[in-house]
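There is one chain below, alone, in structure tokens, taken in the form predicted on its own.
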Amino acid sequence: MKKITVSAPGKLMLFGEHAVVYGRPCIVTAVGQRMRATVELLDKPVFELEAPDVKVTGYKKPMDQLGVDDIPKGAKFVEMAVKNFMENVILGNEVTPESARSVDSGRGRHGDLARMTGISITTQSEFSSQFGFGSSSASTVCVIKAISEITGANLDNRAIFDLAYKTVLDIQGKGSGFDVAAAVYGGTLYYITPGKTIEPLNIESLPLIVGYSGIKADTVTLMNQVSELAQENPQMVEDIYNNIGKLVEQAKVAILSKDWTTLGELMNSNQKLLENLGVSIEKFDNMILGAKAAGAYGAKLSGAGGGDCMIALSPEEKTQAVKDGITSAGGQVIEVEASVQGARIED
């Protein structure tokens, strides 16, 4: 039977955390650590998954039971991605008007799509899910793109985004979709939820240094925490969101002009606003102070907060000093290439 491997990058949020969920823009970059999914069509109506990175091995079930019964945590995104592809592409339902235009309306149950009796998927990650690089979204995008290619559905990037974003929402109930966009499109993106704007920023690289806190964060828990704060102090939180949105617009200009000094200052300002939202932690504060004291242009947490990673922007000649500043505060420096290629078929 046919077999194909697709990879997709992880992501780092540069600007706009939390505010992006409420309609403000953000800037996200795709990172060099990639997720891979190898997909093979089967001639029996069975779903099989091997995902050793998330402790899922030997997992299988009938295709007509996708999404039913208790699904192992590590299998949820892949299984629901297959289920959504079956329902929205093979059976011809629409995800959005964009998706409907992207899929050949004459297919339905016909042609290559009809041959998707069963499917075997193996995933492999170049990064630990603990880092908060968006492994769930990257694996979802890999699977949808791979099935699209192997069945001849040939979904375009917008349709892949829509279906992957729907999958994330089906599982999490919340999510802005910027990590899905980064996995699909790659590069560095100016993004507005729910994919209202996905604008590539034309840069080759960013002088980023990434530090891992050693603490695993739970995005949904942090989002709920901020939502509770907004109920208690609606005007304060609204003002923070508005100010974050303004910073994002300024950061976009600074990135395109490679004005790293200004970009660093904006990172510092964004960090203060995130501290006001209550999502920073002492470990982050110490890592950020260490980076700035060593000569970084600026530094901030990246993502929902509460743990995972922080980022620093550094002059080239001070790169090692900034790394040392992060590690001296108890952080772990992770070598990361930013603004990399989006989802792609591997040889």
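The shown structure was predicted, so the numbers you read here are calculated from the model rather than taken from an experiment. Residue positions are given as counts along the sequence shown, with the first one as 1.
Missing here is the form predicted together with (R)-mevalonate (MEV); even so, the following discussion is about that form.
Colleague: Would you classify F77 as touching (R)-mevalonate (MEV) in the predicted bound form, given a 4.5 Å non-hydrogen atom cut-off?
Modeller: Heavy-atom contact with (R)-mevalonate (MEV) at 4.5 Å: absent for F77.
Colleague: Classify S176 as contacting or not contacting (R)-mevalonate (MEV) in the predicted bound form by the rule of any non-hydrogen atom within 4.5 angstroms, answering yes or no.
Modeller: S176: yes, in contact with (R)-mevalonate (MEV) in the predicted bound form.
Colleague: How about A338: is it within 4.5 Å of (R)-mevalonate (MEV) in the predicted bound form, going by heavy atoms?
Modeller: No, A338 is distant from the partner.
Colleague: Does at least one non-hydrogen atom of G298 fall within 4.5 angstroms of (R)-mevalonate (MEV) in the predicted bound form?
Modeller: Contact check for G298: no, nothing within 4.5 Å of (R)-mevalonate (MEV) in the predicted bound form.
Colleague: Does (R)-mevalonate (MEV), in the predicted bound form, lie within 4.5 angstroms of each residue among M13, H18 and G303, using heavy atoms as the measure?
Modeller: Heavy-atom distance to (R)-mevalonate (MEV) in the predicted bound form: all three under 4.5 Å.
Colleague: Choose from 198-206, 218-226, 81-89, 252-260 the stretch whose residues reach within 4.5 Å of (R)-mevalonate (MEV) in the predicted bound form, heavy atoms counted.
Modeller: Careful reading of the contacts points to 218-226.
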